[in-house]
Structure formats: C-alpha cells, structure tokens
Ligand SMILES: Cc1cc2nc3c(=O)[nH]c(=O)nc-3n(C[C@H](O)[C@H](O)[C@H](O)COP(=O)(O)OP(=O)(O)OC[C@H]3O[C@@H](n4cnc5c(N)ncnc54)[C@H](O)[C@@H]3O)c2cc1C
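The chain below stands alone and is given as structure tokens, in the form predicted alone.
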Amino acid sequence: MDLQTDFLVIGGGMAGLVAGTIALEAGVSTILLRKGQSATAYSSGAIDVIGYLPEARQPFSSPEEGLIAISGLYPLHPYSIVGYSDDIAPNAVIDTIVNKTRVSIEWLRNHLEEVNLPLHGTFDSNMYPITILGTTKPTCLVQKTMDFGDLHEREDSVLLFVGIRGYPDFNPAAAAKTYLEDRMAIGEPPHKVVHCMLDIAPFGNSFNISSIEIAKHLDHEGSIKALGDQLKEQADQIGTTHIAFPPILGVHNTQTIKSQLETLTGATIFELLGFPPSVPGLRLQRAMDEIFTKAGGKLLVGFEANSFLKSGTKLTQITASSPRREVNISAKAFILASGMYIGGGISGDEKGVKETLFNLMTVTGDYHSASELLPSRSTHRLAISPTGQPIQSCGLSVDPQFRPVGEEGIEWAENLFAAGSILAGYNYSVEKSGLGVATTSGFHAAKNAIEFLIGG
C-alpha cells in the first residue's frame, strides 16, 4: 500500500504527537507512525520542565531559573538549541529559550484542557507533588487529580495514605512514615499522617492486582459507592482532611471519580505521583492521541519504520511494516521522534550505540562519538545514582533547526528533523526534564519543518 502526505512523524510519544499536531494546525497533512505503546504511556504523567542541574542536589525554584542555568552551562542542550536562530541577537538568546519553552508548555496545557485532562501548576514556579514513596520531587505541571490543595497550609490538616489489599505496588505505611518524617524535619503541616488498607476486587480478582485493573474497575458506574463507604469509615475515625491514593483513580472518568469520593468523604482526594508504568501516563498518551486525531491527523499504530529512500539531500519515502502488511509513505518533511531505548529509536550493544532507522551519527552527552561506545562503560554500578546513567545522555546531534547532522556538522537530510528523547545532550532522569524537552523540541522542530515546507 502506498500513501502520500506532506508531513510524516516517526514515533508516537509526546514529541511526535506535539510535532504532528503543530503541523496539522498549520494546515499540513500529517501521518504519524507508532509501532506500539510509547514511552509517554509509561511516564508518571507529570510535565517536568527542568528540576535540577545535572549533578546538583538543590532543585530549581522555577522552570525559568532552570532554563537560564542550562542555557549558560550547556549550549548544546535541547533547550539551548531552541534559542539558536540567525535573526536573534546574542544577548536575547536566553530570553528566547525561556519564552519559546513557555509557549510550548502553555500550548500543551491548553490542548489537554480541551480533551478533559486538566493540569495543575504554573510555568512560573516548580511544585513538589508527593510520590508513592512518601517523598517529593520538583515538577512544573501535574494532572489535576494530583493537586493536594491546602494540605500544607492548614495547621489542622490530617493526611490519610490509602492502600489496596492485593495491590503490591504501594505500601501506604512506608509512604506515610517517610512523608511524616520529612514534614517533621521542616516543622510544617500536616503534623498527623496515618494510613489504611481498603478492599477492591476488580473483575473478581483480589490479589496481585495491577494499577490499570483497579483504574478500569473504578471507571465503571457504581464501583465508587462501595469504595467510598469504606473510605468514609476510615476517614471519620481520625478526622481526615486529605486522602492520598496511589495513581489508580480511573483511566477515563478521573475527575468524576475524584469528585464523587470528595462528596462521600468530605475530604480532599488526590493521587500520588507514581513510577512507570503508571495510569496517569496512559491517560496522557490517550489524551495526546485524541488531540492529534481531532486535529485531522492519521495515526498508524502497529507499524514500524524499517527502511527509507533518499534522493540527493532529501528524504523521500519511508517503508513501514506491521505483522500483516507493508506500507510505503512518501512525504515532503519528516520528524524523527522514535524515542530512545524504550521506544527503539536508539539501541546499544557490544558494537556500540546506534540510531536504528537511518544509522545517523550518535554522540555521548559530551558530544563525542558513541558509535563504538560499549553501554557497560557508560553505566554506573548502582541502578539509581544521583548523577544518573551517562548512557541516557547519548543520542543524535542536531543543528539549530533540529536536523540530525553527520561528523562534518552538515545535516543528513535537509527535510529530516528530530525531537524528544532521541536527542543527545541531556539526561531527563537526573534533570527531571523528560516531557518538557519532548514538548518543546517537538513543538519547535515542527515549526522549523513547516518553514522548510513553505520555503520549499
């Protein structure tokens, strides 16, 4: 089967869906290829812009503060590349980076609001949502269900951590202990933190329950009443003002579930920030898919790009296959947003770190060649390290328009642009910058691609 389009996006995570939607809003026909579930669906669902400077332990108070520091210290960071342009004066680069990132994040926030996935927070300051470990982390925006309201302002606030019997991924007792110790250390409310266990048997199962099973169960009408009755009994005994759930409050009806539980208990209900894979990540993926398709995009799921045609300095065609058929897609401009190791855009083995579709040049976080880098030489012994894993900084080197370049610094193809975690020069797990970089690079790579199409 042969297809033609103006704009082809390879990869269906945050970066690819943002890029594709930007193209559609500019009136450009767009097809997006995704071979399976993207890394966005496995994320926490929070929109991290920038939380930390690499190797630093003091978080930034706001994305703007972080972007100013990043742009001054890391000129090849994806955020820094956003500020490069021939018509921008050198003294205006930092302001440009901040403003372009702000525009990208606000665009995302507005579009998610339109598909009923409202976000809480502001670009002007980082917030510190509570995680399922009872710790906190800096982020820019969280889903509205993670807003814990006036928990830290009320002197009489009492927080209840809720666990589910048979759900092994959350220990409410450990989370409550960690969180209370942290609040006592700084002398701020709440001064009373407790925990409880509730019974839920989604689809008749009461052991080894997954978060997605619970979320789908709670989406069904009538499931909330039984949960609410148990919760109210626990909350009334201790005078609970705020109730923290693991991230399980439905996939589709999250706002309704939160509202119903608040009505039944009289307390503020909120979700904790979870670890991948998480239900909020799945919500975010589905919302972004809806934004893209509502804008008129064609989403091809289950197709993996595996070969290409190139004529001179331009990429002309991608061949993608599914288990049952093959499709040739011709386009005028392309976005490569195939992700890193989870998405399969980058792979690493004993032969080195490679880009898997075009065999583009890969570099380390220090912008040395990664083509012969052994992954074992670029990882720490500890799985969780304050400095992260250096191999996570590997990826593609791009020019100021986000076009991948070769060793000579010239773009591999004048109509191929890259965005998201496939880019080199940043470490999202350490910086807390994953979906922020994905959104911003996808937004502006698409803008550059549109300018190319107009000029072409």
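Residues carry their position along the shown sequence, with the first being 1. All values reported here derive from a predicted model rather than from experimental measurement.
Another form, the form predicted together with this ligand, is not on view; read the next lines as being about it.
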{"query": "Partner proximity in the predicted complex: Pro75 to this ligand, non-hydrogen atom cutoff 4.5 Å", "finding": "no"}
{"query": "4.5 angstroms heavy atom contact with this ligand in the predicted complex for Gly406", "finding": "no"}
{"query": "Contact test in the predicted complex: Gly228 vs this ligand, heavy atoms, 4.5 Å", "finding": "no"}
{"query": "Exercise: Asp48 in contact with this ligand in the predicted complex, heavy atom 4.5 Å", "finding": "yes"}
{"query": "Partner-proximal stretch of 301-309, 322-330, 246-254, 92-100 relative to this ligand in the predicted complex, 4.5 angstroms, heavy atom", "finding": "301-309"}
{"query": "One residue of Leu396, Ile70, Ile391, Leu33 in contact with this ligand, assessed in the predicted complex (non-hydrogen atom, 4.5 angstroms)", "finding": "Leu33"}
{"query": "Non-hydrogen atom within 4.5 angstroms of this ligand in the predicted complex for each of Gly20, Phe417 and Phe452", "finding": "no"}
{"query": "Stretch 265-288 - residues with a heavy atom within 4.5 Å of this ligand in the predicted complex", "finding": "Pro276"}
